[in-house]
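As structure tokens, one chain now follows by itself in the form predicted on its own.
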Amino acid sequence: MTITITAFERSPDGGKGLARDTRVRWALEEVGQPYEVRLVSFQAMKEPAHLALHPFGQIPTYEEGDLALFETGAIVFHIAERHAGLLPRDANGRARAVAWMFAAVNSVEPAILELVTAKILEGDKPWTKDRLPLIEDRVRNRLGQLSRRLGDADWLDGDFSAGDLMMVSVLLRLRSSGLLDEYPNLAAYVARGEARPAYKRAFAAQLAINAAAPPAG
């Protein structure tokens, strides 16, 4: 059965790999599964056909036969369970990898997204100047905890897993802020993720779509 995912017709980040379909592309590339991409405009994301797949009108979605999924964590978990390569074979190792997937989206990403929102969507608000240092401190707190746990290891728990895929994807959002550079082991960790051939293929595929898209407006 053909796997089809949805992606932005034109990504807001211009193809820098921050749109969440990159996580799904990366997972599929890691496990060697071919897939097709259906591009969706911002208008189409709010129309009934797409809302039937994603009730919150976002991307990506995942379709395979009569299965339709939304939410990147759920999609990556499904891919990792269905195909070898993203979860350890032993039960305890698999459970820990899944825990790191949840940690990426529940413990680390919220503070990072708050920082992105404050800078991009609320940058002109009068309260932002005072609020931004508080948000940055919350991000640093999480990064410090993660940095101490990672130590000098290559990956979070033994070999590369879906937990690392999700965590690296989350941390990539910090690149422009400079905060990641304050934690050299985390910066190196992200660089290792980006160096994986599967990530490079996923990134290139998303970038190609945006490079071919006509200019906005």
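Counting begins at 1, following the sequence as shown. Computed from a prediction, not measured in an experiment: that's the story for all the values here.
Form predicted together with a small molecule: not shown, discussed below.
Check for me whether the small molecule, as it appears in the predicted complex, comes within 4.5 angstroms of all of 147, 156 and 163 - heavy atoms only. No, the whole trio is out of contact, none within 4.5 Å by any heavy atom.
Residue 198: heavy atom within 4.5 Å of the small molecule in the predicted complex? Although the small molecule is absent here, residue 198 would stay clear of it in the predicted complex, with no heavy atoms inside 4.5 Å.
Is residue 58 part of the interface with the small molecule in the predicted complex - any heavy atom within 4.5 Å? Yes, residue 58 sits close enough to the small molecule in the predicted complex that at least one of its heavy atoms falls within 4.5 Å.
Taking heavy atoms only, is residue 37 within 4.5 angstroms of the small molecule in the predicted complex? No, residue 37 stays farther than 4.5 Å from the small molecule in the predicted complex.
Is there a heavy atom of residue 13 no more than 4.5 Å from a heavy atom of the small molecule in the predicted complex? Within the cut-off, so yes.
Segment assignment from 25-33, 147-155, 182-190, 40-48: heavy atom within 4.5 Å of the small molecule in the predicted complex: Correct option: 40-48.
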